[in-house]
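There is one chain below, alone, in structure tokens, taken in the form predicted alone.
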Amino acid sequence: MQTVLSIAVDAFAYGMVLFIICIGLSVTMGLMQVVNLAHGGFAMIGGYIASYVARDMGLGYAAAVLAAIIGTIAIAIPLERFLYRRVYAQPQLIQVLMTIGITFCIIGITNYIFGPTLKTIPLPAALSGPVDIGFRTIAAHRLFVMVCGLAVALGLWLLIERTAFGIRLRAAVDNAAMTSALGVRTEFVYAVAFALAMGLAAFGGVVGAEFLPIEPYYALRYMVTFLVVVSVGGAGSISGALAACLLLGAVDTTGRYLFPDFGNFFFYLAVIVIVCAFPRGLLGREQARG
């Protein structure tokens, strides 16, 4: 029973980490129609910034998280303005090639500035110890990750489905010309959505560093993982992304606990089975709106 609980806790926490990072990619792919393979690179930038602020500058974990989000968004905004905006209406192959190029540039620049070594983000005392939840104890950091994931899911759903900004974003995706004719600044809407997605990537890179270590080739190592999670959940669907992350997190964690020699075998086996059963993902964007 103890093993089952340990697997469940680790699986849920790992699923929440995947969700926080991948939901931004789901937004750009499903709502903005951009295949951004550089998404993991922005999570990597956030992790590097947080590590420098917390470990080298000694400013603490909260300051590191805030600096990572702000710094990553500050880098993402000009990239969106001068690069991504040029490929919004282009074929997906062009988007893939450009974003892969951006990924390699991010890897090269971050390693040049911060050094090609594994980066750690020191946790504060409040997140380092165990938390007693009655029937067992849970690592405080894992509990923190779970709460963050649920908060991000709720907040993003409210933003997309219940605010004027969400209405404008969905309208711009469905018919950009008509939305612009009605007076909506579609370019500004896209820029804000892109900045939000990259900020979430940075946030996930920081809080998930215990699960997905920040290392020199982070952006390439987890590129496929982030992409398949979004594909399994259905691009543009918040609930689909959450379901996919929890399901794949559970499969991957259970496989690593029980069959550690198999590595990622069960993760990708689950991906193949789910994609065959649900070609549009667990809950694609059109299904989610219905």
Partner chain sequence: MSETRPLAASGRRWPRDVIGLAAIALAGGAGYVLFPDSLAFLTRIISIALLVLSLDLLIGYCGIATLGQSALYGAGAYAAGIAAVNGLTDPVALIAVGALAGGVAGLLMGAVLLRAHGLPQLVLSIAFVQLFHEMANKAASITGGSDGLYGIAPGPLFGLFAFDLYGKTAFFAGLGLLLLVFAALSFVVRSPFGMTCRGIKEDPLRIRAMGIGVRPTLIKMFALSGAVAGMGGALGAIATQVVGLDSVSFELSANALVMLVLGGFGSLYGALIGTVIFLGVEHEVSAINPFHWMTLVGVMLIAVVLFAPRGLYGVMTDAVARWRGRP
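Owing to the predicted nature of the structure, the values given are computational and were not obtained by experimental measurement. Residue numbers count along the first chain shown, from 1.
If you look for the form predicted together with its partner chain, you will not find it shown, but the lines that follow are about it.
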Should F262 be counted as a contact of its partner chain in the predicted bound form, where contact means heavy atoms within 4.5 Å? yes
Looking in the predicted bound form, any heavy atom of N111 within 4.5 Å of its partner chain? yes
Taking 4.5 angstroms as the cut-off for heavy atoms, does T254 touch its partner chain in the predicted bound form? no
So in the predicted bound form, does T163 come within 4.5 Å of its partner chain, heavy atom to heavy atom? no
Check for me whether its partner chain, as it appears in the predicted bound form, comes within 4.5 angstroms of all of V4, A8 and V145 - heavy atoms only. no
Can you say which of 90 to 98, 121 to 129, 196 to 204, 181 to 189 gets within 4.5 Å of its partner chain in the predicted bound form, counting heavy atoms only? 90 to 98
Here the chain is shown alone; which of I77, C105, I167, L150 has a heavy atom within 4.5 Å of its partner chain in the predicted bound form? C105
Just one of M57, V224, A62, L258 has a heavy atom within 4.5 Å of its partner chain in the predicted bound form. Which one? V224
Residues in 188 to 226 that come within 4.5 Å of its partner chain in the predicted bound form by at least one heavy atom, in order, are P216, Y217, L220, M223, V224
